[in-house]
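Okay, so we've got the same protein chain twice, two forms, each given alone as structure tokens, structure 1 and structure 2.
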Structure 1
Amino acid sequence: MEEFTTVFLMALLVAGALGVLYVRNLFVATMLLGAVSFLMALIFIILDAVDVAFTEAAVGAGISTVLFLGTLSLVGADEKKSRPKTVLPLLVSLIVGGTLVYATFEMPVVGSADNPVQTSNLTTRFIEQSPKEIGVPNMVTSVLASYRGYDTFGEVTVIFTAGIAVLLILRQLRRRRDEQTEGSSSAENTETGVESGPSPSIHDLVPHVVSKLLIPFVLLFGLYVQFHGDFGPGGGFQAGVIFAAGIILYSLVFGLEYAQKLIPLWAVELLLAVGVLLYGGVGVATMLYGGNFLDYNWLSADPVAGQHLGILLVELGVGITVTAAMLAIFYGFANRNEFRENSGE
């Protein structure tokens, strides 16, 4: 039965991916992409990769779909006519796809006890020693936040860099807008009637009511995922995406102006820095106590308690950074629409 379910989900996955290629309405394509990501999350659950499934559902089916919808509110849902299709892209895709399929023939059988992942001494050590050394029920969290703390810190730094890049682009757009509108009278500016970001409709009663009921639970669930990631699936990455999705949904329904009153751009910039500094600051604190960088054992007299405290703090730093980066990207899209309307494009 499980094999049949997996094959059925894979068939739906392929059908959804092909549908994205052939539909011409971008809104329909966005919905199909969200469905494809959700199907991929279900497949991960069948493969017992619950944390990966959670991430796929939150990022692929969640925040990505919300950002796509926000983009469509700026550019419209009608796809422009594409150039005449050529054979070369299809040929390249077939060659790359065939190479990947051929490479899979050398992979070990799925679920076999002889797989390197099953026989690796490192995997055995994590399984046997993690409950004693880390004391965190969710082994994925112990690996990502403790054993692989350096790697995760690098990932957070990459997200921080992406957020800063978006903010720099946003400032450049504002500078260009100010230069183009310099010298115009206040009356002319008033006549343009520009409203930044996606403009909500006052007649959409159902989205307003549903959002008021749903958004508090989305934010509450984000906090639960943030502070329960050491006991179950979740953590800073998933929680940050969920929390940002709630704020972005609020912006799409009620308007960017109200969202930026709730979390202004200066707060997003501050949170970007705070998240990375919190993560790195935990590592510096462990060094000041006499240990190595990100060695949480030194944070408490009880090494296991130190691990719990360190993981809690670094996961909080991850969640703050991811939330701020997602909001920075969305604010960048929305303010680009403001620049476009002010410049008359």
Structure 2
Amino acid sequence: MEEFTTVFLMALLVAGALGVLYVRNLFVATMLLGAVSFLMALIFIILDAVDVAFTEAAVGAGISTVLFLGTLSLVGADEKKSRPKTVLPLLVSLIVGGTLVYATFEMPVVGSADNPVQTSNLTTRFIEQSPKEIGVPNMVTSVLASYRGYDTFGEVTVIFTAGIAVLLILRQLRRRRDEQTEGSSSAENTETGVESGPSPSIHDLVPHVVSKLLIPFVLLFGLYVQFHGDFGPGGGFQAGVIFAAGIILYSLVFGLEYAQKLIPLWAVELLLAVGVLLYGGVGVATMLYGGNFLDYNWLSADPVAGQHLGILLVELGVGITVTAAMLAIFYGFANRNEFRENSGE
């Protein structure tokens, strides 16, 4: 039964991917990509990767679809018919694919216990020692935040950098134009912004009511995922994305201005840095206590309690930065849209 489910889901996956390739309307391609991501999340569950499935469903099917749609609203959704250049790419793709298929015959059988991935010392160490050393039931969390804490610190920095970069790229033109018109038109812009105002239209009644009911639970669920990540699937990455998704939903339904009143852009920029600093700060604190960077054992007299505290703080840092980065990216795209409307482009 499980095999049948896997085969079925994977066949759908390939069909979805082919659909993405051949469809001309980019809106449709984006929605299909979201569907492919969601199917992938289901396959991850079958493959025992619950944490990853969680992240893929929230990020791939949720946030990234919103981002693609936000971009499409700025650049238009029709793919122009281009000059045919299919022969060479097809040839290259087929050669690459053929080589890889040939290589799979040397690969260990899927799911076999004598697979080098399963027999490596690292794996046995993580599975057998982490419950005693870290005291956290979810091994993914203990590897993520403790054993590979330094690596995760790097990942958080990448997300931080990407958030900053999107804001820098998408806000540049706006400032230049404001300077050219010497602030007079920017004042008009804000005025018209108030006038045209975020008056909810009557057509949006159903989404308004539904999202009003849903958003508190989305945010509450985000907090649960954040602080329950030690014991079940979850953690800072997933929680950050879910929290941001709740606020993005609010912004999509009720208007960007309300969302920015709730969490203004300066707060997002601040939180973006706070998360990374909290993560790094925990590392510095462990050094001050006499240990290595991010060696949580030193945070408390009892090493396991120290690990708990360290993981909690570090995951909080991750959650804050991921939330802020997702919001920064969303605000970057959404503000660009509003600006274009105001300036009549």
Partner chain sequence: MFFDHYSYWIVIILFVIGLYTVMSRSNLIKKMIGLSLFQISVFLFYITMGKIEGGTAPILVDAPDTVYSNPLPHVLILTAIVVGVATTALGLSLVVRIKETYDTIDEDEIRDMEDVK
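These numbers were taken from a predicted model, which means no experiment stands behind them. Residue 1 is the first residue of structure 1, and the numbers go on in sequence order from there. Between two forms, the rigid core is defined as the largest C-alpha subset superposing within 1.5 Å.
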Q. Between structure 1 and structure 2, which should be identified as the form predicted on its own?
A. 1
Q. Rigid core fitted, is the C-alpha displacement of L9 between the two structures 2 Å or more?
A. no
**Q.** Rigid core superposition, G283 Cα moves 2 angstroms or more between the two structures
**A.** no
Q | Core-aligned C-alpha movement of T71 between the two structures, 2 Å or more | A | yes
Q: Can you read me the CA shift for N25 between the two structures, rigid core superposed, in Å?
A: 4.1
